[in-house]
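In structure tokens, one chain follows: the form predicted alone.
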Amino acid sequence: MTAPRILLFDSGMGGLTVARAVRTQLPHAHLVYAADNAAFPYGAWKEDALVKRIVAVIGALIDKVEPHIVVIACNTASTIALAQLREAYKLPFVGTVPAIKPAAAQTKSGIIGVLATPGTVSREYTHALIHTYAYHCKVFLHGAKRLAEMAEQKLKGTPVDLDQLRQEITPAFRQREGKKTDVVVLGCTHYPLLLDDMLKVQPWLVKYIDPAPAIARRVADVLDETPITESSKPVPPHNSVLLTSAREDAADSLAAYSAMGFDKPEFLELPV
């Protein structure tokens, strides 16, 4: 029986949080993780150029992996390029968007904090989610400039600077008319990697919403409706990690992927 091939894509290591959830949900799936580290971080890119980059890189990856489904485990890529990807490539895509809807359903105070990248915070897609699902709440968006990089450094073994982390997350904690933020959306797949550290520096107790488990369930549902066929050529083995640049040939990067289960690295020539 052919195992479903799942391509998981992010600009860096953040999508590993989604990969972890997918592995738990679908333990027999053939997983290939791809990081566009040549272009990391995506937040520094102009939108039009980034869309072209993502569509081109995903096309090259689809040709190499022949996946049955592609998981865009990146909020930035999903909010700007998911429609274009679905138009360009005729296979199922599952995206990652800020979990505004479940946050609105779970808040008791009506005050929601959203931690995301500056790019995701500014996107019309994010504001449309708030308008649709959280119109009755007060939503505070915070574009955290350093959290994604801090998460990557943590995976590579660098201790988290708790004072810096406190500064990064505190703007998502607000008080209005005697009520406080009680739900914080982790609006970047990197951020759950820092959750244990956030608990140490949070101004008060809140519920954090990590979208990864819901994404994994969605992947399983889509695969149930997707024909699973043999590949037409040799493809990267299960637990491969494909990197678009060897610019970071540091062993700590590969060790970090290996620690999350992706221990078969391959460098692709997909320069910026």
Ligand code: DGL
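Residue numbers run from 1 along the displayed sequence. Because the structure is predicted, anything quoted here is derived from the model rather than measured.
Note that the form predicted in complex with D-glutamic acid isn't included here; everything after this is about it.
Shown alone here, residue 172 lies farther than 4.5 Å from D-glutamic acid in the predicted bound form, counting heavy atoms only. At a distance threshold of 4.5 angstroms between non-hydrogen atoms, residue 41 is in contact with D-glutamic acid in the predicted bound form. Interface membership of residue 181, defined by any non-hydrogen atom within 4.5 Å of D-glutamic acid in the predicted bound form, is ruled out. In the predicted bound form, D-glutamic acid sits within 4.5 Å of a heavy atom belonging to residue 74.
Judged by heavy atoms within 4.5 Å of D-glutamic acid in the predicted bound form, the contact stretch among the candidates 160 to 168, 194 to 202, 133 to 141, 74 to 82 is 74 to 82. Exactly one listed residue, out of 114, 188, 103, 151, brings a non-hydrogen atom to within 4.5 Å of D-glutamic acid in the predicted bound form: 188.
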